[in-house]
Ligand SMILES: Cc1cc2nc3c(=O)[nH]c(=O)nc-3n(C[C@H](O)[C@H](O)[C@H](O)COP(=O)(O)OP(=O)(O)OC[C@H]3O[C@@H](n4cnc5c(N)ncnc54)[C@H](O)[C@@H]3O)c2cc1C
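Just one chain follows, in the form predicted alone, and it is written as structure tokens.
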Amino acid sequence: MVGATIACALGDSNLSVAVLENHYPAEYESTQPNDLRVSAISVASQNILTMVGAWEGILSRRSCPYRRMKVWEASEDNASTEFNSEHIGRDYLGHIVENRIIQLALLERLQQFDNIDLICPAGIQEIDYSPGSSMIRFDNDKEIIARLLIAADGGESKVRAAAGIGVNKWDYEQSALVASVTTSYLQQDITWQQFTPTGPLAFLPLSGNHASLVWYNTPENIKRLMALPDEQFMQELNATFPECLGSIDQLLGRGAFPLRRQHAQQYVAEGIALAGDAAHMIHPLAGQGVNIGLLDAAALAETLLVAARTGEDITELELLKDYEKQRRQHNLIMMQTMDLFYRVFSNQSGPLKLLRNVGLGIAGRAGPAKNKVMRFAMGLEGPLPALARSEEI
């Protein structure tokens, strides 16, 4: 998603762009069940996708706006915080969209540009990083030479490794299980999260009566849950998730993944730039991973477009460091914020637990502060690349 966004942003420029994709996503059909992999797209991310011409392709397929967000721990009624887009004069806080639909809309868009080549499937045999003249050899022995390599190939980035850029990482003592279900309730406009001693339980609304459930727990318990037959697993879901979920009518799929924090030691080198998960991976607690990745995409694209217009060398380290300066500190703050939430809500100390519940209760009544948190979650607070801004901000 991040790499395709960068490419679309560079469309119709005087740069020649090649997008290397391992495989094309399956085509969308309206009768298909919702995918397991979904993202909470912030308003800032929506602005970026609109500016590069992909948002219309997303809406023409499938998405679900959410207008409210609720967080609680001990008691949903007495110690909870609910955020509502109406309080800041907005129609919604964001959209829940399947990753595949975002990918399809972006890939569809980038093929409309004459200066972009989509190479798919692009099985990569070798990456020879050389500042200003890097070579990529494919499985069919064909080669391309690039002045600038952009690593948008995920947490296990081959491009990053070829450039010898290291990462600082550690594993959380949690895994996440994602389940795609249908519920007894019709279309919902709220996403919620309940904190429990073993990890949060989260609900993400999808189209119609579909929903995505996220169950954070110890790696051992997630492994046990994944091994259960569907009927037993649904019994555990109904017994564990709060009553506001409603009854689960059907389990459409489930998957699990470990949680890891990872940050590249640098985002750039001469002739190379990292973006998205290749640069950083954060706890998915607030669903901000893809959003900060899209902000990377906007900032990097803007840096390159300015350089292309002014005749600067896009491989120059000092130029690329401007991009790193824009994004690294912002991403680090987001990572540290998610780490703080993880630690605070994982600690079962009695006094700390009481403070958490008191804090949630106060936050639920603190109008100005709550509105600022909402804007932060929507990506409307802090330094923003021009592509992420709109006339409403």
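Owing to the predicted nature of the structure, the values given are computational and were not obtained by experimental measurement. Numbering starts at 1 and runs along the sequence shown.
Another form exists, predicted in complex with the named molecule; not displayed. Remarks below refer to it.
Segments offered: 108-116, 280-288, 180-188, 164-172. Contacting the named molecule in the predicted complex at heavy atom distances within 4.5 Å is 280-288. In the predicted complex, the named molecule stays beyond 4.5 Å of every heavy atom belonging to Pro131. Contact between Gln46 and the named molecule in the predicted complex is not found at the 4.5 Å heavy atom cutoff.
At the 4.5 Å threshold, heavy atoms of Ile124 reach the named molecule in the predicted complex. In the predicted complex, at least one heavy atom of Phe257 sits within 4.5 Å of a heavy atom of the named molecule.
For the residues Ala152, Leu304, Leu206, Ala298, the 4.5 Å heavy atom test against the named molecule in the predicted complex is passed only by Ala152. Distance criterion of 4.5 Å from any heavy atom to the named molecule in the predicted complex singles out Asn99 from the list Thr240, Gln250, Ser247, Asn99. Along 6-23, these residues reach a heavy atom to within 4.5 Å of the named molecule in the predicted complex: Leu20, Glu21, Asn22, His23.
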